[in-house]
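Here's a solo chain for you in structure tokens, the form predicted on its own.
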Amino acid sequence: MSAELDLAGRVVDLVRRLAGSAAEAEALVDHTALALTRFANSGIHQNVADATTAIRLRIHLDGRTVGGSTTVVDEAGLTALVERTIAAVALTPVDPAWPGLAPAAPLVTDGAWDEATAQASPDERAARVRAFVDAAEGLETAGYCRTVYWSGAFANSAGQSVSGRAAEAAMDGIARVPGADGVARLGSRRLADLDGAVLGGRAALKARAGADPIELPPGRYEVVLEPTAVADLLTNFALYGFNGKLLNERQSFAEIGAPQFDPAVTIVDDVTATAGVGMPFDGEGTPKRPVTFVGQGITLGVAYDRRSAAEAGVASTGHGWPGGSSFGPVPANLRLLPDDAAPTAAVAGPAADGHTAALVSTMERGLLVSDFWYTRVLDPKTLVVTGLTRNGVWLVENGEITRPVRNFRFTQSYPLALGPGAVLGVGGNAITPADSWDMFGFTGPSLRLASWNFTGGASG
């Protein structure tokens, strides 16, 4: 038995002893160890590490639901957590939508564990930073390399008792020339997959290719989005599109069974996939399993936690998270499947890889986009998002990258951008860019899309 599972079981036993058998209780224990090496001006300026064990308790008693948490894990701390959570019951409104506790069920996977990543030293992260900086050949660089591992457990008074562990590594960096940045970022369950020299070389090539950009008028352009930009689409689909609570409230675009996407689009959430980085069960103890949200263009489902699932009359898909009942369930391992038969081409310019270069070669006139940032949802129902391009945009003419272009502001419905007939090509190389949230991984290939609505220049 893991230390975390022992803690979770002790908390549930304490609730039974102090509140009686009528209390429904669940305890989630997370031990997270994060190590981060940051660099700027081509030198490491920060190296930090932090390890925390947190316990989250939820009790349903007398028709009311109360949550509490602590990082004090000795006997006195556990007792104080249980006592103050029980005391809060009397002060809490009645919860008529309580869905009950997760039933006992086995895990599909026990996590994505890599011992070498979990035990990585500061020297190993620094070596990757050194390689990134060296590969930039004198350009100013900045970014980070991180490793993190999680060991957790869940227990409830309905008999569910599970534990697991996972590790993750990520590197995100830019190289800079006057007026232009180039980016390279990658996340993986294994630190060994991160090659600082490859990432630094790619970032430097993009930066140099972005110098002296021209300004183009706003309008609708055909685009090739690189995986770093596609990750932003998947993030917003995860937060707002495939959210069962928002679907219940009619704030999601999703229509189950409708052909809302191009037939080339299949989107799954799969913590068991090779690229999957994450926890094997959700914050309510429901085991995670592969879930298909879009299959060959047809919307097949959304993510549910126990509360949103009960309201919809379906089963939880294992996407609940602690304290997430107000926002709703979030899939953390969304993956847009690549086209395994997609062609590849030699990379002679700023395109991220051979599959991206092949998509560019088929475009008569359009834009190659590296990255999106500062994206904000204007309308959750249609998932209209506004944001900026970043780290490289290039004009493509007759299949050739001809000029760097200044950044744009865009305003675009993400579902419509991937709608029927709108996807002109899917790359064969799905990548998981480093995400700002550890233990999240949004994986996708490059995409060639018929239209993207650029609404203004970022300089204006």
Partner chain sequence: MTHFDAAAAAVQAALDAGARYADARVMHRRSESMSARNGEIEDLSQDEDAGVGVRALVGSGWGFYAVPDMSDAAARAAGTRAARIANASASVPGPATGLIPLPAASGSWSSPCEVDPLSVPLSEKADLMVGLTTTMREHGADLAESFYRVWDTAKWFVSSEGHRIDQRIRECGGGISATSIGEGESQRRSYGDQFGTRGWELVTGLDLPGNAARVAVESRELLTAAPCPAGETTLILGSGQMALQIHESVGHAIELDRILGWEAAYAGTSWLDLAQLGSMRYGSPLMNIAIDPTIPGALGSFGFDDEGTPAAARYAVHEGVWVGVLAGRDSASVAGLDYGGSVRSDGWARLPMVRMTNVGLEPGPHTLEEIIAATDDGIFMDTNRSWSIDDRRLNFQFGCEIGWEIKNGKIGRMLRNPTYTGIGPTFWQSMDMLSSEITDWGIPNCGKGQPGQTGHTGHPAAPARFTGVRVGVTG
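From a predicted model like this one, the values you see are computed outputs, not experimental measurements. Numbering follows the first chain given and starts at 1.
The same protein also has a form predicted together with its partner chain, omitted here; what follows describes it.
No member of the trio 165, 198 and 421 reaches its partner chain in the model of the complex with any non-hydrogen atom inside 4.5 Å. With its partner chain left out of view, the stretch that reaches within 4.5 Å of it through heavy atoms in the model of the complex is, among 190-198, 370-378, 104-112, 156-164, 370-378.
Its partner chain is not drawn, but in the model of the complex it has no heavy atom within 4.5 Å of residue 397.
Under a 4.5 angstroms non-hydrogen atom cutoff, its partner chain in the model of the complex lacks residue 425 among its neighbouring residues. A residue is said to contact a partner when one of its heavy atoms sits within 4.5 Å of a partner heavy atom; residue 174 meets this definition for its partner chain in the model of the complex. Put simply, residue 339 is far from its partner chain in the model of the complex: not one heavy atom of it is within 4.5 Å.
For the residues 268, 298, 139, 126, the 4.5 Å heavy atom test against its partner chain in the model of the complex is passed only by 126. Note on contacts: among 264, 273, 216, 384, the single residue with a heavy atom within 4.5 Å of its partner chain in the model of the complex is 384. Using a 4.5 Å cut-off on any heavy atom, the residues of 42-63 that reach its partner chain in the model of the complex are, in sequence order, 42, 43, 44, 45, 46, 47, 48, 49, 50, 51, 52, 53, 56.
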